[in-house]
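Just the one chain here, the form predicted alone, laid out as structure tokens.
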Amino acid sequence: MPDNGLIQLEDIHFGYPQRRHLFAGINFHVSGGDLLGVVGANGSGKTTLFRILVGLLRPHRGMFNAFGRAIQSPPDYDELRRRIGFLFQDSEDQLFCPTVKEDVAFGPLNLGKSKTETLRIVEETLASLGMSGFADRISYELSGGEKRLVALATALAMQPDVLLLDEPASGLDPRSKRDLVEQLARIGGTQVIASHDMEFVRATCRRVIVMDAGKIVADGPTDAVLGDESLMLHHGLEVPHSLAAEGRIATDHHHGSGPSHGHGHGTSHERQEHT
């Protein structure tokens, strides 16, 4: 793992009763400042990976290190959840209080912040997302895009070191999606985004991994991975239209490999990153 590594999974094994060997030795890392996209067809293991990273699932075997410590005991997992902000795929799962202010305050209060400190965090977090006037709004009456931003605010209010976003663009109209792209760019820091929306991934991420059947089959710069037509099609994905329009698609006949795997996707097909 790089010197600025924050999270490392090494030789992780995990499965479910109906799929006992979903992960059979997966390796994964997140470095400080990463803007990392995780893509893959349904059932590839993206959601399971996120649930392991945030401590909702525990690996059956392997090494899980985060923030300089091995994640093993209940106190380790408590610390993990304090330092990782998680945006659920469905905003309705994250918003359960009557008002926006109460939803955003829930996390800081449970971390032991005082009411005064929590109010300051709520005000600053909403302001950072352009939602200063939303504190007393009724959460369930908000639009889909507004709920997405409030859900993001609940994660940001925890002041996490890493932000995990599971399908953040799902159900958003084009304007709301553009707004979210701008907000995530403004937030910066370390972000890991799972999405089926390749254009959204290209707009928000500098590095991309491709997952298929519980394996990481590619890991590299965003345009090098997403622009590899052979790789994408073989794993049930599509090249973003913007890359096709720019004529920046690489085609070859290596399947199941990627820029970091040394099968023809490295220097010969590497693309300039989209920023």
Partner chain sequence: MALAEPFSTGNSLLHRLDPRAKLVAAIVWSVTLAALNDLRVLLLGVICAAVLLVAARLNLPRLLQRLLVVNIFIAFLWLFLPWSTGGEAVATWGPITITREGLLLSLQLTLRCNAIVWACIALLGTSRLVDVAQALRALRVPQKLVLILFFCVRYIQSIHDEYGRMAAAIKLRAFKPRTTFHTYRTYANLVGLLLVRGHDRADRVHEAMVCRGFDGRLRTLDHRRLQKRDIAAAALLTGLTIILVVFECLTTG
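Here the structure is a predicted model, which is why all the values come from computation and not from measurement. Residue numbers count along the first chain shown, from 1.
The discussion below concerns the form predicted in complex with the partner chain, not included here.
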query	finding
Contact residue in the model of the complex, chosen from 92, 76, 124, 161 - any heavy atom within 4.5 Å of the partner chain	92
Any non-hydrogen atom of residue 154 within 4.5 angstroms of the partner chain in the model of the complex	yes
Partner contact for residue 56 in the model of the complex: the partner chain, 4.5 angstroms, heavy atom	yes
Heavy atom of residue 132 within 4.5 Å of the partner chain in the model of the complex	no
The partner chain contact at residue 189 in the model of the complex, heavy atom, 4.5 Å	no
